[in-house]
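Form predicted alone, single chain, as C-alpha coordinates, below.
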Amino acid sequence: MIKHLQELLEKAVSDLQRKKIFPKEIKPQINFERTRSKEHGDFSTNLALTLAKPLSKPPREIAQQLIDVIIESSHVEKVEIAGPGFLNFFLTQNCRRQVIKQVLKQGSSFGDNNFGNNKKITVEFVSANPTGPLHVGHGRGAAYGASLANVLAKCGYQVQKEYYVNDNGRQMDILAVSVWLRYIELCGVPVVFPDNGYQGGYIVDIARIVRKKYGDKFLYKSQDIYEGVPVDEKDGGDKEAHIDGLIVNAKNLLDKKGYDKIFQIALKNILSGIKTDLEGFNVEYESWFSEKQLHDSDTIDRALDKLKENNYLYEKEGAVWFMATHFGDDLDRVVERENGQKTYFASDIAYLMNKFERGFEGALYVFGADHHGYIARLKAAAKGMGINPDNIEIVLTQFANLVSKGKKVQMGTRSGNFISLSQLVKDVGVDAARFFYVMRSHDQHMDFDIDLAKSQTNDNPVYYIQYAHARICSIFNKLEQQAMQHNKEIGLASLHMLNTEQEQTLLRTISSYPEILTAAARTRAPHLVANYLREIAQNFHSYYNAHQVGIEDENLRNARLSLCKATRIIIANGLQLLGASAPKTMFSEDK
(Lines give C-alpha, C1' and ligand atoms only; values in the text may rest on other atoms or scores of the structure.)
Protein backbone atom coordinates (compact mmCIF):
# COMPACT_ATOMS: atom_id res chain seq x y z
CA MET A 1 0.00 0.00 0.00
CA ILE A 2 2.86 2.41 0.79
CA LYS A 3 4.22 1.84 -2.71
CA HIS A 4 0.83 2.75 -4.18
CA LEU A 5 0.65 5.94 -2.12
CA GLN A 6 4.18 6.87 -3.14
CA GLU A 7 3.20 6.42 -6.78
CA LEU A 8 0.21 8.73 -6.27
CA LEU A 9 2.42 11.48 -4.87
CA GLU A 10 5.13 10.96 -7.48
CA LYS A 11 2.46 11.49 -10.14
CA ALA A 12 1.21 14.58 -8.31
CA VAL A 13 4.70 16.10 -8.16
CA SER A 14 5.20 15.32 -11.85
CA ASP A 15 1.90 17.04 -12.73
CA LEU A 16 2.86 20.14 -10.74
CA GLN A 17 6.21 20.21 -12.51
CA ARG A 18 4.51 19.88 -15.89
CA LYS A 19 2.29 22.83 -14.93
CA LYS A 20 5.44 24.73 -13.86
CA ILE A 21 4.16 25.11 -10.32
CA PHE A 22 7.11 23.04 -9.09
CA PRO A 23 10.55 23.37 -10.74
CA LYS A 24 11.72 20.35 -12.73
CA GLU A 25 14.92 19.93 -10.70
CA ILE A 26 12.90 19.03 -7.59
CA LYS A 27 13.28 15.28 -6.96
CA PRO A 28 11.83 14.69 -3.50
CA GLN A 29 12.15 11.49 -1.49
CA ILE A 30 8.66 10.43 -0.50
CA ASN A 31 8.32 8.60 2.81
CA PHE A 32 5.18 7.37 4.54
CA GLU A 33 4.55 6.30 8.11
CA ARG A 34 1.53 4.60 9.55
CA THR A 35 -0.36 7.01 11.77
CA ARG A 36 -0.67 6.32 15.47
CA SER A 37 -4.32 7.30 15.68
CA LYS A 38 -7.16 6.38 13.35
CA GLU A 39 -8.37 10.01 13.60
CA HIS A 40 -5.30 10.91 11.53
CA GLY A 41 -6.04 8.37 8.85
CA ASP A 42 -3.93 5.34 7.95
CA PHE A 43 -0.71 6.80 6.54
CA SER A 44 1.03 10.14 6.79
CA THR A 45 3.83 11.86 4.87
CA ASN A 46 5.92 14.94 5.59
CA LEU A 47 6.60 15.60 1.90
CA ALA A 48 5.20 19.14 2.01
CA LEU A 49 7.44 20.03 4.93
CA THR A 50 10.55 18.74 3.16
CA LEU A 51 9.67 20.81 0.07
CA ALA A 52 9.08 24.04 1.99
CA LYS A 53 12.68 25.23 1.89
CA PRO A 54 13.55 24.42 -1.75
CA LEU A 55 10.21 25.84 -2.93
CA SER A 56 10.25 28.81 -0.52
CA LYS A 57 6.58 28.23 0.27
CA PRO A 58 4.60 27.46 3.41
CA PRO A 59 4.21 23.69 3.89
CA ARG A 60 0.41 23.85 4.10
CA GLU A 61 0.26 25.69 0.77
CA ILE A 62 2.42 22.99 -0.81
CA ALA A 63 0.26 20.30 0.79
CA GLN A 64 -2.88 21.85 -0.73
CA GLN A 65 -1.23 22.03 -4.17
CA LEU A 66 -0.45 18.32 -3.94
CA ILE A 67 -4.00 17.44 -2.84
CA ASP A 68 -5.42 19.40 -5.76
CA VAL A 69 -3.68 17.19 -8.33
CA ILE A 70 -3.65 13.77 -6.62
CA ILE A 71 -5.57 11.44 -8.90
CA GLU A 72 -8.47 9.42 -7.56
CA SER A 73 -7.70 5.98 -6.23
CA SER A 74 -10.05 3.15 -5.35
CA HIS A 75 -7.90 2.58 -2.27
CA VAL A 76 -7.98 6.15 -0.87
CA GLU A 77 -11.11 7.66 0.65
CA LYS A 78 -9.66 11.12 1.33
CA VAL A 79 -6.47 13.10 2.00
CA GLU A 80 -6.31 15.76 4.70
CA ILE A 81 -3.76 18.37 5.74
CA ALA A 82 -2.76 18.16 9.38
CA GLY A 83 -0.61 20.29 11.66
CA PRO A 84 2.14 22.30 9.97
CA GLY A 85 1.65 20.50 6.65
CA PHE A 86 1.45 16.74 7.03
CA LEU A 87 -0.62 14.87 4.47
CA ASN A 88 -2.82 12.20 6.06
CA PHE A 89 -4.24 9.49 3.80
CA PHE A 90 -7.45 7.71 4.76
CA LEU A 91 -7.93 4.34 3.09
CA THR A 92 -11.33 3.07 2.00
CA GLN A 93 -13.06 0.48 4.15
CA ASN A 94 -12.84 -1.99 1.28
CA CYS A 95 -9.10 -1.45 0.98
CA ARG A 96 -8.58 -2.07 4.70
CA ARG A 97 -10.53 -5.31 4.49
CA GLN A 98 -8.56 -6.62 1.51
CA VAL A 99 -5.64 -7.34 3.81
CA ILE A 100 -7.58 -10.39 5.00
CA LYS A 101 -7.48 -11.82 1.47
CA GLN A 102 -3.74 -11.19 1.27
CA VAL A 103 -3.00 -12.87 4.58
CA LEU A 104 -5.13 -15.93 3.84
CA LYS A 105 -3.57 -16.27 0.39
CA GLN A 106 0.06 -15.68 1.36
CA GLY A 107 0.05 -17.37 4.76
CA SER A 108 3.55 -17.56 6.25
CA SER A 109 4.96 -15.40 3.45
CA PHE A 110 2.73 -12.43 4.27
CA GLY A 111 4.95 -9.48 5.05
CA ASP A 112 7.89 -10.72 2.98
CA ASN A 113 9.60 -7.81 1.25
CA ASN A 114 12.78 -6.80 -0.54
CA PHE A 115 13.99 -4.11 1.84
CA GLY A 116 17.41 -5.79 2.02
CA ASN A 117 17.68 -5.91 -1.77
CA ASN A 118 19.13 -9.44 -1.61
CA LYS A 119 22.27 -8.15 0.14
CA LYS A 120 24.46 -10.99 1.37
CA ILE A 121 25.36 -10.46 5.02
CA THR A 122 26.80 -12.52 7.84
CA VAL A 123 25.40 -12.04 11.32
CA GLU A 124 27.77 -13.09 14.08
CA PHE A 125 26.39 -13.37 17.59
CA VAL A 126 27.06 -15.00 20.96
CA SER A 127 30.59 -16.24 20.02
CA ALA A 128 31.32 -16.87 23.69
CA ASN A 129 34.75 -18.33 24.45
CA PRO A 130 34.41 -22.13 24.68
CA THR A 131 35.72 -22.06 28.24
CA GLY A 132 32.47 -22.96 29.95
CA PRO A 133 28.73 -23.45 29.47
CA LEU A 134 26.58 -20.62 28.19
CA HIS A 135 24.97 -18.72 31.04
CA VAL A 136 21.98 -16.41 31.22
CA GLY A 137 24.23 -13.47 30.34
CA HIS A 138 24.65 -14.96 26.87
CA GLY A 139 20.92 -15.43 26.44
CA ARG A 140 20.12 -11.89 25.37
CA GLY A 141 22.69 -11.84 22.60
CA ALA A 142 21.55 -15.26 21.42
CA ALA A 143 17.85 -14.34 21.36
CA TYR A 144 18.50 -10.94 19.81
CA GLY A 145 20.93 -12.20 17.15
CA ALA A 146 18.74 -15.10 16.08
CA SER A 147 15.56 -13.01 16.00
CA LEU A 148 17.25 -10.20 14.07
CA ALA A 149 18.63 -12.68 11.54
CA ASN A 150 15.11 -14.08 11.04
CA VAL A 151 13.67 -10.59 10.52
CA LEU A 152 16.43 -9.64 8.07
CA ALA A 153 15.85 -12.81 6.05
CA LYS A 154 12.13 -12.00 5.99
CA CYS A 155 12.97 -8.57 4.61
CA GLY A 156 15.05 -9.60 1.64
CA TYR A 157 18.57 -10.11 2.99
CA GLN A 158 20.64 -13.22 2.29
CA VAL A 159 21.59 -14.01 5.87
CA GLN A 160 24.20 -16.37 7.23
CA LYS A 161 24.27 -16.86 11.01
CA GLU A 162 27.79 -17.46 12.28
CA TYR A 163 29.43 -18.36 15.60
CA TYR A 164 33.08 -17.36 15.92
CA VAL A 165 34.78 -20.04 18.01
CA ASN A 166 37.63 -18.52 20.02
CA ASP A 167 39.57 -21.77 20.18
CA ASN A 168 43.00 -20.20 20.27
CA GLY A 169 44.86 -18.08 22.79
CA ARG A 170 45.40 -17.53 26.47
CA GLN A 171 41.85 -18.14 27.73
CA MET A 172 41.84 -21.56 26.13
CA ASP A 173 45.22 -22.28 27.74
CA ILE A 174 43.77 -21.33 31.12
CA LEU A 175 40.92 -23.75 30.44
CA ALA A 176 43.32 -26.58 29.55
CA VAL A 177 45.44 -25.98 32.66
CA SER A 178 42.32 -25.83 34.85
CA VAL A 179 41.21 -29.23 33.52
CA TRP A 180 44.72 -30.64 33.96
CA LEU A 181 44.94 -29.52 37.60
CA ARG A 182 41.54 -31.05 38.40
CA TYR A 183 42.74 -34.21 36.67
CA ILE A 184 45.83 -34.19 38.95
CA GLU A 185 43.51 -33.94 41.95
CA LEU A 186 41.44 -36.88 40.71
CA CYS A 187 44.66 -38.87 40.52
CA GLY A 188 45.12 -38.27 44.27
CA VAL A 189 47.75 -35.53 44.18
CA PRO A 190 46.75 -32.39 46.11
CA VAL A 191 47.07 -29.09 44.22
CA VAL A 192 46.40 -25.47 45.13
CA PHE A 193 43.97 -24.35 42.47
CA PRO A 194 44.86 -20.95 40.95
CA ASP A 195 42.74 -17.89 41.64
CA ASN A 196 42.54 -17.23 37.91
CA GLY A 197 41.56 -20.77 36.90
CA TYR A 198 38.10 -21.89 35.81
CA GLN A 199 36.49 -23.26 38.94
CA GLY A 200 33.08 -24.52 37.86
CA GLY A 201 32.01 -28.10 38.45
CA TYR A 202 32.05 -28.70 34.70
CA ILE A 203 35.88 -28.56 34.85
CA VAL A 204 35.91 -31.57 37.17
CA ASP A 205 33.52 -33.38 34.81
CA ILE A 206 35.91 -32.84 31.89
CA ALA A 207 38.85 -33.92 34.06
CA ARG A 208 37.04 -37.20 34.74
CA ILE A 209 36.77 -37.76 30.99
CA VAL A 210 40.53 -37.21 30.62
CA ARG A 211 41.32 -39.62 33.45
CA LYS A 212 38.93 -42.27 32.14
CA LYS A 213 40.57 -42.14 28.74
CA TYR A 214 44.23 -41.74 29.70
CA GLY A 215 44.52 -43.02 33.26
CA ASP A 216 47.58 -41.60 35.04
CA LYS A 217 49.43 -40.75 31.81
CA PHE A 218 49.39 -37.00 32.51
CA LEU A 219 50.13 -37.24 36.25
CA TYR A 220 53.05 -35.23 37.66
CA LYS A 221 54.32 -34.32 41.12
CA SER A 222 53.30 -31.06 42.74
CA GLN A 223 56.88 -29.75 42.84
CA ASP A 224 57.16 -30.23 39.07
CA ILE A 225 53.85 -28.50 38.42
CA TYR A 226 54.73 -25.42 40.49
CA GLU A 227 58.46 -25.23 39.84
CA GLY A 228 59.44 -21.63 39.04
CA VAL A 229 55.82 -20.44 39.02
CA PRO A 230 55.27 -16.96 40.54
CA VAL A 231 53.11 -16.92 43.67
CA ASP A 232 49.35 -16.46 43.32
CA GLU A 233 47.32 -13.43 44.36
CA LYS A 234 46.06 -15.02 47.58
CA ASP A 235 49.69 -15.35 48.64
CA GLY A 236 50.51 -11.74 47.81
CA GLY A 237 51.54 -12.31 44.22
CA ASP A 238 50.13 -11.70 40.75
CA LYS A 239 47.37 -14.07 39.65
CA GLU A 240 48.04 -13.39 35.96
CA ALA A 241 51.75 -14.23 36.26
CA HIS A 242 50.86 -17.28 38.34
CA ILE A 243 48.49 -18.79 35.76
CA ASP A 244 50.90 -17.97 32.93
CA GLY A 245 53.64 -19.83 34.78
CA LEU A 246 51.38 -22.86 35.18
CA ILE A 247 50.61 -22.78 31.45
CA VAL A 248 54.32 -22.80 30.60
CA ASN A 249 54.97 -25.73 32.93
CA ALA A 250 51.98 -27.68 31.61
CA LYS A 251 53.18 -27.34 28.04
CA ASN A 252 56.74 -28.34 29.00
CA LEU A 253 55.74 -31.34 31.11
CA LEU A 254 53.03 -32.69 28.85
CA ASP A 255 54.81 -31.86 25.57
CA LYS A 256 52.76 -30.69 22.59
CA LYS A 257 50.91 -33.97 21.97
CA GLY A 258 49.88 -34.53 25.58
CA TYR A 259 48.87 -30.92 26.12
CA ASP A 260 46.87 -30.90 22.89
CA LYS A 261 44.95 -34.02 23.94
CA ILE A 262 43.75 -32.34 27.13
CA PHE A 263 43.11 -29.11 25.22
CA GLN A 264 40.99 -30.85 22.57
CA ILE A 265 38.94 -32.86 25.09
CA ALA A 266 38.11 -29.65 26.96
CA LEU A 267 37.31 -27.74 23.76
CA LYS A 268 35.14 -30.43 22.19
CA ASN A 269 33.25 -31.09 25.42
CA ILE A 270 32.39 -27.47 26.04
CA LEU A 271 31.71 -26.61 22.41
CA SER A 272 29.40 -29.60 22.14
CA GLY A 273 27.53 -28.36 25.20
CA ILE A 274 27.27 -24.86 23.73
CA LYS A 275 25.82 -26.24 20.50
CA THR A 276 23.33 -28.37 22.41
CA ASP A 277 22.27 -25.44 24.62
CA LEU A 278 21.77 -23.17 21.63
CA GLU A 279 19.75 -25.77 19.75
CA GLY A 280 17.58 -26.09 22.86
CA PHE A 281 17.19 -22.31 22.74
CA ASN A 282 15.95 -22.51 19.13
CA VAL A 283 19.18 -20.97 17.81
CA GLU A 284 20.85 -22.60 14.85
CA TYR A 285 23.91 -21.47 12.89
CA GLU A 286 24.91 -22.03 9.30
CA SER A 287 28.58 -21.63 10.21
CA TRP A 288 30.84 -22.36 13.17
CA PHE A 289 34.06 -20.52 12.32
CA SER A 290 37.25 -21.55 14.13
CA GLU A 291 39.74 -18.86 15.16
CA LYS A 292 42.42 -21.55 15.01
CA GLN A 293 41.67 -21.80 11.29
CA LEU A 294 43.01 -18.27 10.92
CA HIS A 295 46.24 -19.16 12.73
CA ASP A 296 46.76 -22.42 10.88
CA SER A 297 46.35 -20.72 7.49
CA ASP A 298 48.05 -17.63 6.09
CA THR A 299 44.98 -15.43 6.68
CA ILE A 300 46.45 -13.35 9.53
CA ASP A 301 49.72 -12.80 7.68
CA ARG A 302 47.85 -11.76 4.54
CA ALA A 303 45.70 -9.31 6.48
CA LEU A 304 48.74 -7.72 8.12
CA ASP A 305 50.57 -7.67 4.78
CA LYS A 306 47.67 -5.72 3.32
CA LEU A 307 47.88 -3.16 6.13
CA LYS A 308 51.63 -2.99 5.65
CA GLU A 309 51.26 -2.43 1.91
CA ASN A 310 48.92 0.45 2.68
CA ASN A 311 51.51 1.89 5.11
CA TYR A 312 49.33 1.49 8.21
CA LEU A 313 51.74 -0.62 10.28
CA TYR A 314 54.81 0.51 12.18
CA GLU A 315 57.26 -0.92 14.70
CA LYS A 316 57.69 0.41 18.21
CA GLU A 317 59.49 -1.13 21.21
CA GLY A 318 59.90 -4.38 19.30
CA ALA A 319 56.15 -4.77 18.58
CA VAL A 320 54.17 -4.14 15.41
CA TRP A 321 51.38 -1.58 15.68
CA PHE A 322 48.35 -0.70 13.53
CA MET A 323 47.76 3.02 13.02
CA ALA A 324 44.19 2.87 14.27
CA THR A 325 44.22 6.51 15.41
CA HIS A 326 44.66 7.51 11.76
CA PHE A 327 41.08 6.29 11.26
CA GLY A 328 39.50 7.74 14.38
CA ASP A 329 40.29 5.14 17.06
CA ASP A 330 41.51 6.50 20.39
CA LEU A 331 44.63 4.29 20.45
CA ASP A 332 46.94 2.55 18.01
CA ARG A 333 46.70 -1.22 18.38
CA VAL A 334 49.39 -3.87 18.74
CA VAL A 335 49.00 -6.64 16.14
CA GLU A 336 52.26 -8.50 16.81
CA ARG A 337 54.01 -8.66 20.18
CA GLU A 338 57.75 -8.45 20.82
CA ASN A 339 57.98 -12.25 20.85
CA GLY A 340 56.40 -12.49 17.40
CA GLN A 341 53.05 -13.71 18.71
CA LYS A 342 49.97 -12.29 16.99
CA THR A 343 47.43 -10.49 19.17
CA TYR A 344 43.70 -11.09 19.46
CA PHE A 345 43.17 -7.92 17.43
CA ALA A 346 45.29 -9.35 14.60
CA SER A 347 42.88 -12.31 14.54
CA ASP A 348 39.93 -9.90 14.52
CA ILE A 349 41.37 -8.09 11.50
CA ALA A 350 41.98 -11.35 9.65
CA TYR A 351 38.49 -12.61 10.49
CA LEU A 352 36.97 -9.37 9.17
CA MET A 353 38.93 -9.70 5.93
CA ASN A 354 37.91 -13.34 5.65
CA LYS A 355 34.22 -12.47 5.80
CA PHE A 356 34.47 -10.30 2.73
CA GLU A 357 36.73 -12.79 0.96
CA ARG A 358 33.89 -15.29 1.38
CA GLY A 359 31.67 -13.00 -0.65
CA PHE A 360 29.65 -11.24 2.03
CA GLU A 361 28.64 -7.66 1.29
CA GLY A 362 28.04 -6.80 4.93
CA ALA A 363 29.28 -7.99 8.31
CA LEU A 364 26.99 -7.50 11.30
CA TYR A 365 28.45 -8.19 14.74
CA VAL A 366 26.31 -8.55 17.88
CA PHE A 367 28.44 -7.74 20.93
CA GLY A 368 27.76 -7.11 24.59
CA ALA A 369 27.80 -3.53 25.85
CA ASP A 370 31.31 -4.05 27.29
CA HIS A 371 32.65 -4.32 23.72
CA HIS A 372 31.99 -0.67 22.89
CA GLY A 373 35.65 -0.12 22.02
CA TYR A 374 35.43 -2.64 19.20
CA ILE A 375 33.32 -0.30 17.08
CA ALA A 376 36.11 2.20 16.37
CA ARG A 377 38.88 -0.38 16.04
CA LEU A 378 37.02 -2.68 13.64
CA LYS A 379 35.90 0.27 11.52
CA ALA A 380 39.52 1.43 11.50
CA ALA A 381 40.73 -2.03 10.43
CA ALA A 382 38.20 -2.04 7.59
CA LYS A 383 39.40 1.34 6.33
CA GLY A 384 43.01 0.21 6.58
CA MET A 385 42.29 -2.79 4.36
CA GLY A 386 40.20 -0.82 1.87
CA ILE A 387 36.86 -2.24 3.01
CA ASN A 388 33.96 0.21 3.12
CA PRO A 389 33.38 0.77 6.88
CA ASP A 390 29.68 1.36 6.16
CA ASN A 391 29.46 -2.37 5.48
CA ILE A 392 30.66 -3.11 9.02
CA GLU A 393 27.86 -2.95 11.56
CA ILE A 394 28.31 -3.50 15.27
CA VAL A 395 25.23 -3.76 17.49
CA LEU A 396 25.71 -3.64 21.25
CA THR A 397 23.27 -5.39 23.54
CA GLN A 398 22.94 -4.12 27.08
CA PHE A 399 23.17 -6.39 30.09
CA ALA A 400 20.23 -8.40 31.35
CA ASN A 401 19.76 -8.89 35.06
CA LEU A 402 18.13 -12.04 36.31
CA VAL A 403 15.47 -11.29 38.94
CA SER A 404 13.88 -13.86 41.22
CA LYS A 405 11.36 -13.03 43.94
CA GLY A 406 12.07 -9.34 43.38
CA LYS A 407 15.82 -9.65 43.95
CA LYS A 408 18.71 -9.59 41.50
CA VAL A 409 20.52 -12.91 41.17
CA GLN A 410 24.27 -12.50 41.71
CA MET A 411 26.58 -14.38 39.36
CA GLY A 412 30.29 -14.79 38.61
CA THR A 413 31.44 -16.76 35.56
CA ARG A 414 35.07 -17.45 36.45
CA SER A 415 34.11 -18.70 39.91
CA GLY A 416 31.52 -21.00 38.37
CA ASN A 417 28.73 -19.27 40.29
CA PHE A 418 26.25 -18.73 37.49
CA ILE A 419 22.91 -19.93 36.14
CA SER A 420 23.33 -21.69 32.82
CA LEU A 421 21.21 -20.84 29.82
CA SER A 422 20.00 -24.43 29.69
CA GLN A 423 18.83 -24.18 33.31
CA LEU A 424 16.91 -21.00 32.54
CA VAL A 425 15.21 -22.70 29.60
CA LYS A 426 14.37 -25.64 31.84
CA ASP A 427 12.89 -23.32 34.48
CA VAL A 428 10.79 -20.96 32.33
CA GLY A 429 10.55 -22.72 28.95
CA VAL A 430 12.17 -21.79 25.67
CA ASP A 431 9.22 -19.67 24.51
CA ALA A 432 9.26 -17.36 27.50
CA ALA A 433 13.06 -17.22 27.55
CA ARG A 434 13.30 -16.23 23.88
CA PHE A 435 10.49 -13.70 24.08
CA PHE A 436 11.54 -12.04 27.34
CA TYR A 437 15.06 -11.40 26.05
CA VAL A 438 13.80 -9.49 22.99
CA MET A 439 10.71 -7.73 24.28
CA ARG A 440 12.76 -4.64 25.14
CA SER A 441 15.13 -2.71 22.92
CA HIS A 442 18.59 -4.25 22.84
CA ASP A 443 20.20 -0.94 23.82
CA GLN A 444 18.29 -0.79 27.12
CA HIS A 445 19.13 -2.62 30.34
CA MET A 446 16.54 -5.22 31.22
CA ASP A 447 15.45 -7.25 34.21
CA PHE A 448 14.50 -10.80 33.35
CA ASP A 449 11.78 -11.64 35.86
CA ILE A 450 11.86 -15.42 36.28
CA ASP A 451 8.65 -15.54 38.27
CA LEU A 452 6.73 -13.56 35.64
CA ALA A 453 8.16 -15.70 32.83
CA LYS A 454 6.94 -18.86 34.57
CA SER A 455 3.45 -17.51 35.30
CA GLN A 456 0.42 -18.46 33.25
CA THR A 457 -1.41 -15.16 33.52
CA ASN A 458 -2.19 -12.26 31.22
CA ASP A 459 0.63 -10.34 32.89
CA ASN A 460 3.06 -12.69 31.17
CA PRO A 461 3.32 -11.21 27.64
CA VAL A 462 4.27 -14.38 25.81
CA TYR A 463 1.51 -16.34 27.53
CA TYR A 464 -0.95 -13.57 26.63
CA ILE A 465 0.07 -13.74 22.96
CA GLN A 466 0.06 -17.53 22.77
CA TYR A 467 -3.32 -17.51 24.53
CA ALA A 468 -4.73 -15.44 21.66
CA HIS A 469 -3.40 -17.94 19.11
CA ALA A 470 -4.75 -20.93 21.02
CA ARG A 471 -8.08 -19.19 21.54
CA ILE A 472 -8.50 -18.79 17.78
CA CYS A 473 -7.61 -22.44 17.21
CA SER A 474 -10.22 -23.38 19.81
CA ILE A 475 -12.87 -21.35 18.00
CA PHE A 476 -12.29 -23.30 14.80
CA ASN A 477 -12.16 -26.63 16.60
CA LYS A 478 -15.44 -26.00 18.36
CA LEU A 479 -17.21 -24.91 15.18
CA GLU A 480 -15.96 -27.99 13.34
CA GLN A 481 -17.43 -30.12 16.12
CA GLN A 482 -20.73 -28.35 15.44
CA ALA A 483 -20.42 -29.06 11.68
CA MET A 484 -19.91 -25.35 10.93
CA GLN A 485 -16.58 -25.33 9.14
CA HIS A 486 -15.06 -22.11 7.85
CA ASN A 487 -16.17 -21.35 4.31
CA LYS A 488 -13.38 -19.17 2.95
CA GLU A 489 -15.24 -18.05 -0.18
CA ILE A 490 -18.29 -16.90 1.78
CA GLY A 491 -16.06 -15.23 4.33
CA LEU A 492 -14.09 -13.22 1.76
CA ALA A 493 -17.27 -12.24 -0.06
CA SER A 494 -18.72 -10.97 3.24
CA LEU A 495 -15.83 -8.89 4.52
CA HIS A 496 -17.98 -5.76 4.09
CA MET A 497 -19.91 -6.94 7.17
CA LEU A 498 -16.89 -6.35 9.45
CA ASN A 499 -17.99 -2.93 10.63
CA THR A 500 -17.62 -2.89 14.42
CA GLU A 501 -15.04 -0.73 16.14
CA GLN A 502 -13.12 -3.78 17.40
CA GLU A 503 -13.08 -5.32 13.91
CA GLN A 504 -11.78 -2.12 12.38
CA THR A 505 -9.06 -1.91 15.01
CA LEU A 506 -8.01 -5.49 14.38
CA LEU A 507 -7.97 -4.93 10.60
CA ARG A 508 -5.80 -1.85 11.05
CA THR A 509 -3.36 -3.79 13.24
CA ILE A 510 -3.14 -6.72 10.83
CA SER A 511 -2.43 -4.42 7.88
CA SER A 512 0.48 -2.78 9.73
CA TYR A 513 2.44 -6.05 10.03
CA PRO A 514 4.54 -5.57 6.85
CA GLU A 515 5.62 -2.09 7.95
CA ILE A 516 6.54 -3.41 11.39
CA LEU A 517 8.80 -6.01 9.79
CA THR A 518 10.50 -3.42 7.59
CA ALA A 519 10.98 -1.07 10.54
CA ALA A 520 12.43 -3.90 12.63
CA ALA A 521 14.90 -4.74 9.86
CA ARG A 522 15.83 -1.12 9.17
CA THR A 523 16.48 -0.26 12.82
CA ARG A 524 17.81 -3.72 13.78
CA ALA A 525 15.09 -3.88 16.41
CA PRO A 526 13.23 -7.21 16.72
CA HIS A 527 11.57 -5.90 19.86
CA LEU A 528 9.23 -4.02 17.50
CA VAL A 529 7.84 -7.40 16.46
CA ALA A 530 7.41 -8.38 20.11
CA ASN A 531 5.56 -5.14 20.86
CA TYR A 532 3.40 -5.64 17.79
CA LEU A 533 2.43 -9.14 18.88
CA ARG A 534 1.32 -7.83 22.25
CA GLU A 535 -0.79 -5.22 20.49
CA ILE A 536 -2.49 -7.61 18.10
CA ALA A 537 -3.12 -10.08 20.94
CA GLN A 538 -4.70 -7.34 23.02
CA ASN A 539 -6.85 -6.22 20.10
CA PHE A 540 -7.99 -9.77 19.44
CA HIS A 541 -8.86 -10.46 23.07
CA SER A 542 -10.89 -7.23 23.13
CA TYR A 543 -12.68 -8.27 19.97
CA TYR A 544 -13.32 -11.78 21.25
CA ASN A 545 -14.77 -10.48 24.51
CA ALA A 546 -17.08 -8.07 22.66
CA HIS A 547 -18.42 -10.28 19.86
CA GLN A 548 -19.62 -13.80 19.20
CA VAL A 549 -17.91 -15.60 16.31
CA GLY A 550 -19.88 -18.84 16.09
CA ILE A 551 -23.19 -17.17 15.23
CA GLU A 552 -26.07 -18.38 13.06
CA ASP A 553 -25.63 -15.76 10.34
CA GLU A 554 -23.51 -17.72 7.85
CA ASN A 555 -22.13 -14.68 6.03
CA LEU A 556 -21.07 -12.74 9.12
CA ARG A 557 -19.80 -15.89 10.83
CA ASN A 558 -17.48 -16.72 7.95
CA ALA A 559 -16.33 -13.11 7.64
CA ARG A 560 -15.40 -13.12 11.32
CA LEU A 561 -13.72 -16.51 10.96
CA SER A 562 -11.65 -15.08 8.11
CA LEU A 563 -10.62 -12.21 10.35
CA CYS A 564 -9.74 -14.62 13.15
CA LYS A 565 -7.75 -16.88 10.84
CA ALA A 566 -5.74 -13.95 9.49
CA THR A 567 -5.00 -12.88 13.05
CA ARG A 568 -3.85 -16.40 13.92
CA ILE A 569 -1.52 -16.51 10.91
CA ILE A 570 0.07 -13.19 11.83
CA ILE A 571 0.60 -14.21 15.46
CA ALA A 572 2.15 -17.53 14.43
CA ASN A 573 4.43 -15.81 11.92
CA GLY A 574 5.60 -13.25 14.45
CA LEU A 575 6.25 -15.78 17.20
CA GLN A 576 8.27 -17.90 14.79
CA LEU A 577 10.50 -14.93 13.95
CA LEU A 578 11.23 -14.52 17.66
CA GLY A 579 11.95 -18.22 18.18
CA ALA A 580 8.77 -18.99 20.13
CA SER A 581 6.03 -21.50 19.36
CA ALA A 582 2.36 -20.92 18.62
CA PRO A 583 0.46 -23.56 20.64
CA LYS A 584 -2.96 -24.67 19.49
CA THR A 585 -4.31 -25.47 22.95
CA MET A 586 -3.94 -23.73 26.30
CA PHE A 587 -7.48 -23.71 27.67
CA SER A 588 -10.80 -25.50 27.26
CA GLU A 589 -13.66 -23.04 26.86
CA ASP A 590 -14.58 -20.73 24.01
CA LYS A 591 -17.55 -18.91 22.61
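Position 1 is the first residue in the sequence shown; the rest follow in order. All values derive from a computational prediction rather than experimental measurement.
The discussion below concerns the form predicted together with the RNA, not included here.
Evaluate residue 314 for contact with the RNA in the predicted bound form, applying a 4.5 angstroms cut-off between non-hydrogen atoms, and reply yes or no. Because no heavy atom of residue 314 falls inside 4.5 Å of the RNA in the predicted bound form, the answer is no.
Spell out, yes or no, whether the shortest heavy atom distance between residue 351 and the RNA in the predicted bound form is within 4.5 Å. Contact check for residue 351: no, nothing within 4.5 Å of the RNA in the predicted bound form.
Any of the heavy atoms of residue 182 lying within 4.5 Å of the RNA in the predicted bound form? The answer is no: residue 182 has no heavy atom within 4.5 Å of the RNA.
Residue contact check: residue 440 to the RNA in the predicted bound form, 4.5 Å heavy atom: Residue 440: yes, in contact with the RNA in the predicted bound form.
Kindly indicate whether 82, 319 and 527 are, all three, within 4.5 angstroms of the RNA in the predicted bound form, using heavy atoms. Spot residues vs the RNA: full contact, yes.
Pick from 471, 355, 135, 154: which residue has any heavy atom within 4.5 angstroms of the RNA in the predicted bound form? Going through each option in turn, the one that passes is 471.
Looking at 220, 226, 464, 327 here, can you tell me which has any non-hydrogen atom within 4.5 angstroms of the RNA in the predicted bound form? Flagged contact: 464.
Which of 245-253, 114-122, 381-389, 362-370 has heavy atoms within 4.5 Å of the RNA in the predicted bound form? Stretch 362-370 is the one.
Any residue of 11-46 that, in the predicted bound form, places a heavy atom within 4.5 Å of the RNA: Read in sequence order, the residues that approach the RNA (within 4.5 Å, in the predicted bound form) are 31, 32, 33, 34, 35, 36, 40, 44, 46.
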